[in-house]
Structure formats: structure tokens, C-alpha cells
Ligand SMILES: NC(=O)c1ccc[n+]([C@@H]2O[C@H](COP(=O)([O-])OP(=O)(O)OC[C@H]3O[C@@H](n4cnc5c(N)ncnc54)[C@H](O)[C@@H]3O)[C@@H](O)[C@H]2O)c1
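Let's start with one chain on its own, the form predicted on its own, as C-alpha cells.
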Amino acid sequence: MEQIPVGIIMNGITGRMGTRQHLARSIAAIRDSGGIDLGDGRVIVPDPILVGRNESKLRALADEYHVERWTTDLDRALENEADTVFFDSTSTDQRVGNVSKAIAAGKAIYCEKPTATDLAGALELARLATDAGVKNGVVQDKLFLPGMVKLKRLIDGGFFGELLSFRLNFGYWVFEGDWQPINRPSWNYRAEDGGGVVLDMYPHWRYLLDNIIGPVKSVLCHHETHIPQRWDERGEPYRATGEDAAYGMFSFDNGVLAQFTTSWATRPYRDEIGEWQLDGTLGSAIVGLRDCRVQSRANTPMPVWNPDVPNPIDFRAGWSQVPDNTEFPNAFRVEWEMFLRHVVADEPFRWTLLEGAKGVQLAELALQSSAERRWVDIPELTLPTP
């Protein structure tokens, strides 16, 4: 087998998501399993260089995951022509500057979302990449979760009949930091640092809605900062300027209405951190990150309203599990493999920087909707002219 080494500049890799999902469970896992077999006698073997600001963290990660190269000098890393792919998972407010430099250096671009703190920046990155002719992609991991794969299988198989509505409860309690350590970085709750649940999560909701239901046409949103004071990693109090909850509705041309509650100030009473419910004329589904349960029209019970007696129906008993029917690898790894195949073998990859900009667009319009207290239409996105 011919080995095709691909040098990957992994910028901002010392963060939680960068380390766990992109290094440990994706790039290192792909390398350690022997690479990506292209089926033509060639195998893609990722060769990462870790880039960050903290030398001791980089050295520790390199030792743990047997990575030979690391540096705190991003500009110097971009000069190496053997490293053809640039990946960015730094904080959102740094994304445009980092990715712009990598595009100018001729690198293929793969980055976390959101791709910018505003739509203008996200569209500018998409334009720069298009003008430079570099391949580009954005992480849209939740599409490849087992629950979403099973849901797409149900939709493609016509299980729902006419789909009517799509609901989501997503989130958990993020500790304030005064009496118990925080479980999300403090910058997530400072708008000036790119924080806020809308910019954080609505880019996810955009690609899920677009790819599962269809293009989103309008949004109605109300957001709140329920916890106005939090404590940072050093135990210092700060004012939360980013919202920690958003209550949104989305409409589609096919008449489906979606309702999403997204909150870092809620205590879940459900099986998973996020649960989606889809209701159709022929059946309904409850979908988590991994599991999917369904109830068909024939198995639907007939409740009778009578608050004077205990409920006689075990509603959960009428639902059945959708079987796995296959093995589900890590969702981040799945998309990494697709993107590296795109870079080396020119296989299709449709989750580009322009698709990433759509997520920022939805977040921006949702914030506008909340400020103006009204529905806002979502126009089609096109690349700006220079």
C-alpha cells in the first residue's frame, strides 16, 4: 500500500474539544488504526503538528498522543509547504484572523464552527477560500451522530408520513463557579469574547434543520441571561454578558414548525442531554445523540382527559428502539475522514465555509429577532464580491 502523508496544522488543539474530539478521537485514532484506505492501493496517513500558546500543554499532549511536532509559532507552522491542511479550533473571536492567514498560505481549510462572530466575517472567509481555490470545510459533527443517522433513515424511508413538527430540548446546568467548579469555559458567557448560547449552538441547529427537514425560511427567537453573575477559572466573579438560554421557533416551506429550547440553565429530566421529537401523521420519533425510539400510528394509545383518576397509560411502553444495524464511529472522526478524502482524492464534501456561514447567519438573525421581538425571514446566502 502506498502511504500518502498529509501534514495537518492543528491550531488551538489544547482546548477541551480540540483535544478530545479532534486529536484523540479523530486524527490520532485514524493514524493509530493505519490511516484511511482509499481503495486504490493508497492510504492517507495524517501527520499533525500541534499549535497553541501554552508550551507545557502542547508538550504534554504531544507525549500522550505520540505526536512528534508541536509549536507555539503559528506563522512559522504556516510556512511549511509539507503541511497542506490547516485546522482551527481556537475561540470564535480568533477564527477569521487565523483562517485568513492559512488561506493566504494556500492551505486547505477545515475549522470548527461558528466560523466567525458575525455573518460578514463568515462570508469573507468563504469568499477568500473560493478566490484562492483552496478546499475548505466546516465541522458539522451532529449530522453523523448515531441518533441523527437513525432519524435520517426514518425520514428517507417515509416513516413519518407527513411531517408536522420538530421539537428539541437541549442543554444542562452550567455551574456558576462560586461553590462548584465550572463545567464550561467562562468565555462562553461573555459576548465580547464571542460567547452566548445563540452563537454557540444555533450554527449546529442550522445544519441539522437544513439537512434533516429542509432549508429554514424564518426564525422567531427570545433569549435570556438567566444567571447574570458567574465566576471564571480563577474564581473571580464577572458579569455574564452572553445569553445562557434561547427559545426559538423555525418555519419551513413544507409547513413544518420547529420549536427549540436551548439552555445552560436547566436540569434535564430525560435520557440524554438533547432530545428531539418529531411528529408525523404516520408516526413519531424521540431522538437523542445516540438512541432513537419510535411509535407508529397503529401503536398510538388513546388518552382520555380525566384528572380525577391516576393516568392508566404507560406512555413510554408504547415506544420501540430503532436498532443500530451498523457500527457508529465517532462523529468527528467520520467527518474528518470525509474531508481528508476530499483533500487527497477529490471526493465530494459539501459542508464548506459557505455552509458554515449559514449557521452564523441563523444566529445573527435569531439575535435580531429577539431584539425586535418578531419573526425574521432568512434570505438565501451568496458569496460577496471583493
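Note that this is a predicted model, so its numbers are computed, not measured. Each residue number is its position in the shown sequence, starting from 1.
What follows is about the form predicted in complex with the named molecule, which we do not show.
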{"item": "Contact flag, V139 vs the named molecule in the predicted complex, heavy atom cut 4.5 Å", "value": "yes"}
{"item": "Contact label in the predicted complex: E112 to the named molecule, heavy atom within 4.5 Å", "value": "yes"}
{"item": "4.5 Å heavy atom contact, P146 and the named molecule in the predicted complex", "value": "no"}
{"item": "4.5 Å heavy atom contact, R16 to the named molecule in the predicted complex", "value": "yes"}
{"item": "Partner-facing stretch of 281-289, 224-232, 93-101, 249-257, counted where any non-hydrogen atom is within 4.5 angstroms of the named molecule in the predicted complex", "value": "93-101"}
{"item": "Three-residue site R53, H204 and F332 fully in contact with the named molecule in the predicted complex at 4.5 Å by heavy atom", "value": "yes"}
